[in-house]
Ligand code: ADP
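Take a look at this single chain in C-alpha cells; it is the form predicted alone.
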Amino acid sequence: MRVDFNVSINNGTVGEDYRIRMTLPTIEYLTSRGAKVILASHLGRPEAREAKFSLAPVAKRLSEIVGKLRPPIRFVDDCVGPAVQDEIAKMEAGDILLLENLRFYKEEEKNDPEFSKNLASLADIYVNDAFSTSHRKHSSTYGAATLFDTRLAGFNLSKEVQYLTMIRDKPVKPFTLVVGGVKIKDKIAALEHLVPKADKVMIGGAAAYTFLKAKGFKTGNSMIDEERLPWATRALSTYGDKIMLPSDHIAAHSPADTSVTMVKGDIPDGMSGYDIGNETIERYSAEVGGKGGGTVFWNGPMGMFERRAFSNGTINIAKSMALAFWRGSKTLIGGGDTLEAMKRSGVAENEVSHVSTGGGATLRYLAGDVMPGVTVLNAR
C-alpha cells in the first residue's frame, strides 16, 4: 500500500499527522479482512541514507494512533531486499509493516525497472492511497503498480479524485474560488482551468500584489512575480468582472516589524503588504460564508499567517469556510499551508467537506494533467 507519510519530523517527533490519519480507513479495511499490510512511503528529499529522513518516528506515531487494541506497527530499516523479506515472513494476518524511506534508493524516482520489480515482489495486491504523489511516475506509484494484476485505489485517493473531478469539471454553482499563498506560477495552469467556471475569484496573499500591480496600483516593496505580470493583466482583462482584489492591507517595513499599518489603496514606498485589511476581510468573508450552497475552493493563505500581526485575514477566511460548510456549501481546502492555517484558526477538519492532502498534485489534477499513479489504477 503506497501512502504519503511525508510529514514534518523535529527531534524524532512527528508534527502535523493529518496525512497519517487519513490512511487509517484503508489500512483498517484491509487488516480487518486478514490482509498483511506493507506500507511504503517517501520522506523529504534525502541525498543519502540519513537518520533525519528515517520513517522510524512515523512508525511510532502510527502505533500510537491505532492504539493498543492491535499489535504495534512493525518497522524495517530498508524497503527492498533480504531484511524486508525476512520481516514479511514473520507477519501474521492483520499485521502492519512500514518500510524505510523509498527515496533512500535513487532508483525510486527514476522508475527503475529492477527496483520496481523488487518492490512488486513483496505483495500480492497493490493499493495506492497517496494521491499527493500520484502525479509522479516513480517506481512506487507507477512502475511497481504495472506489475500487479490487482491495482486498487484506497479510500482517501478515491475521495480526492471524486471531489477534485467535481471541482475541475462540473462544480456545483455558485462556484467561489479563494486563492492566496506566495507563488502564482504553480497555480496558473489550474487557474486557467477554474477561473472560467468560477462565479467569484478572491485573491489574497502575495499573489494579490502581482494582480494589483497589473491593475496599476502602487505595491511598495510587496512581493511581485514579474514574469507573471502579463498573465495577470490578461486574466484581469478577460475576467475582471469576477476577480476580487484587496482594497486595503496590513503593511509593514519588514516581516519582523513590531509596528504595522492599515493601508488603503496604494502601498507606500518602503513598505510591503503582509495581510489583507479589515475592509477586504469583510468583503471576502461575506462572499465565502454569507449564503451557503454551491462550492468553495480555497488554496493558499491570505497573508503571512505564521505571524500573529498578519494572521487575521487567513483566520477569518478559515472561519468563513466553516460557516459556508454549515450552511450547506461544498467546501474544499487544498495545500499544506492552507491546512496549517485552518488548524491555527481553530477550524476542525470536520467543518469542511474535504481537505486535500495533494499540494502540487491537487493543482496538477485541477489543471487537467495526466496523473500516472491514478491512470495506472484505471487501466485494470
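In this text, all values refer to a predicted model and were calculated from it rather than measured experimentally. In this text, residue numbers run from 1 along the sequence as written.
As for the form predicted together with ligand ADP, it is not shown, yet the points below apply to it.
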query: 4.5 Å heavy atom contact, residue 157 and ligand ADP in the model of the complex; finding: no
query: Residue 181 within 4.5 Å of ligand ADP in the model of the complex, heavy atoms; finding: yes
query: Any non-hydrogen atom of residue 246 within 4.5 angstroms of ligand ADP in the model of the complex; finding: no
query: Contact label in the model of the complex: residue 223 to ligand ADP, heavy atom within 4.5 Å; finding: yes
query: Contact residue in the model of the complex, from 77, 306, 192, 199 (heavy atom within 4.5 Å of ligand ADP); finding: 306
query: The single option of 187, 213, 228, 151 touching ligand ADP in the model of the complex, heavy atom within 4.5 Å; finding: 187
query: Segment that reaches ligand ADP in the model of the complex - one of 203-211, 87-95, 260-268, 233-241, heavy atoms within 4.5 Å; finding: 203-211
query: Contact set, 298-334 vs ligand ADP in the model of the complex - heavy atom within 4.5 angstroms; finding: 299, 300, 301, 302, 303, 304, 305, 306, 334
